[in-house]
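The chain below stands alone and is given in structure tokens; this is the form predicted alone.
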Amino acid sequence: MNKKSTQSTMLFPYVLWLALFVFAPLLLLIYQSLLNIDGQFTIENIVTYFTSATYITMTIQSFIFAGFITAVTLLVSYPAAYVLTRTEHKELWRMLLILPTWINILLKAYAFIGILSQSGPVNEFLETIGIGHQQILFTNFSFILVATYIELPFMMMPIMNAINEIDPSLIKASHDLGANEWETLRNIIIPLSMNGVRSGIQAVFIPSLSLFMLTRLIGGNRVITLGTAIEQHFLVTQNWGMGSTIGIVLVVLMFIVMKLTNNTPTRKRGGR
């Protein structure tokens, strides 16, 4: 068996996986989007999506929530990742960071329902200090808080990896040339860790566009996103065509976000 044949054999399981679980569902989604609720071929779903103020508003709202969640996650993750990479037990902190991802998202959502409820510890603390019980659960604040907590490891891990990969001699050279900690961070560490930041943005922003479980359990259906609309069309209204159309729009938006955050340099022709 020659080398080319061996490579083809080794690639076969991967190609089969892509065909069955990526391309086939995507084609099925496209086919379903061209059917109305009666099973007839039509482009009505596409026209409705792009001409309906409701769907346009929902798309903008999804981007706003996803952007806000990503921004808050980044603001928390980068300083924490920078500090943790400078600690003595980096691998221990990395393990503690990964552990929450092993817990099912549904369990974490129900845990926060108990924490943020009227009789939960947060409101009990507010009552103790004299502020009184507040409506925390089923608000935009609670939705963003819980979503940020869940997405935090997916932002912090790539940033930690990127900072760890920076050549220590560059940091040492910066200090030798008289730069302080802030100048080294601004001119060396942040620019060289941007690949990790971009990967983190992709890992947080894209899933945040399609959140639906948290919008129901934590947001109390007051937060409406594209994921919520897809769930409603498939499980409530039974309009699979419209749900598939929104799903395709969501896939396209994800590809656009990945393209915008991808910074792979392209080599010009004739260049070295």
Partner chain sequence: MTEKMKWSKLYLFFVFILLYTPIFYLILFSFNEGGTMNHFTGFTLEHYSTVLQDSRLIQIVVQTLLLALLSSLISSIIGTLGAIGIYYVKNVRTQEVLLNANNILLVSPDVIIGSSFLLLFTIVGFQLGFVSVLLAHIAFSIPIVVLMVLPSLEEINPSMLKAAEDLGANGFQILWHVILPNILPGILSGFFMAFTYSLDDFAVTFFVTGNGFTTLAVEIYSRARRGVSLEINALSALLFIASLLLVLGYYYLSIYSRRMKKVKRGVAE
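Residue numbers count along the first chain shown, from 1. What you see is a predicted model, and the numbers here were worked out from it, not measured in a lab. So that the term is clear: the rigid core is the largest set of C-alpha atoms that superpose within 1.5 Å between two forms.
Keep in mind that the form predicted together with its partner chain is not shown, yet the notes after this line are about it.
- Message: Can you work out whether L106 and its partner chain are in contact in the model of the complex, taking contact to mean some heavy atom pair no more than 4.5 Å apart?
- Response: Because a heavy atom of L106 falls inside 4.5 Å of its partner chain in the model of the complex, the answer is yes.
- Query: Though only this chain appears here, would T42 touch its partner chain in the model of the complex if you measure heavy atom gaps against 4.5 Å?
  - Reply: No, T42 stays farther than 4.5 Å from its partner chain in the model of the complex.
- Message: So in the model of the complex, is its partner chain close enough to S119 to count as touching (4.5 Å, heavy atoms)?
- Response: Within the cut-off, so yes.
- Message: With the partner left out here, check for me: in the model of the complex, does some heavy atom of I230 sit within 4.5 Å of its partner chain?
- Response: Contact check for I230: yes, within 4.5 Å of its partner chain in the model of the complex.
- Task: May I ask you to choose, among A71, L96, L126, M194, the residue with a heavy atom within 4.5 Å of its partner chain in the model of the complex?
- Result: The residue from A71, L96, L126, M194 that makes the contact is L96.
- Consider the chain as shown here, without its partner, and state which of I144, I163, I136, I113 has a heavy atom within 4.5 Å of its partner chain in the model of the complex. Comparing distances to its partner chain in the model of the complex, the residue within 4.5 Å is I113.
- Query: Going by its partner chain in the model of the complex, which residues of 209-239 come within 4.5 Å of it through any heavy atom?
  - Reply: Heavy-atom contacts to its partner chain in the model of the complex: S210, F212, M213, R216, L217, N221, G227, I230, E231, F234, L235.
- Rigid-core frame, C-alpha of L11, shift of 2 angstroms or more between this form and the one not shown: Yes, shifts by 2 Å or more.
- Item | CA of E127, rigid core aligned, shift of 2 Å or more between this form and the one not shown | Shift at E127: 2 Å or more after core fit.
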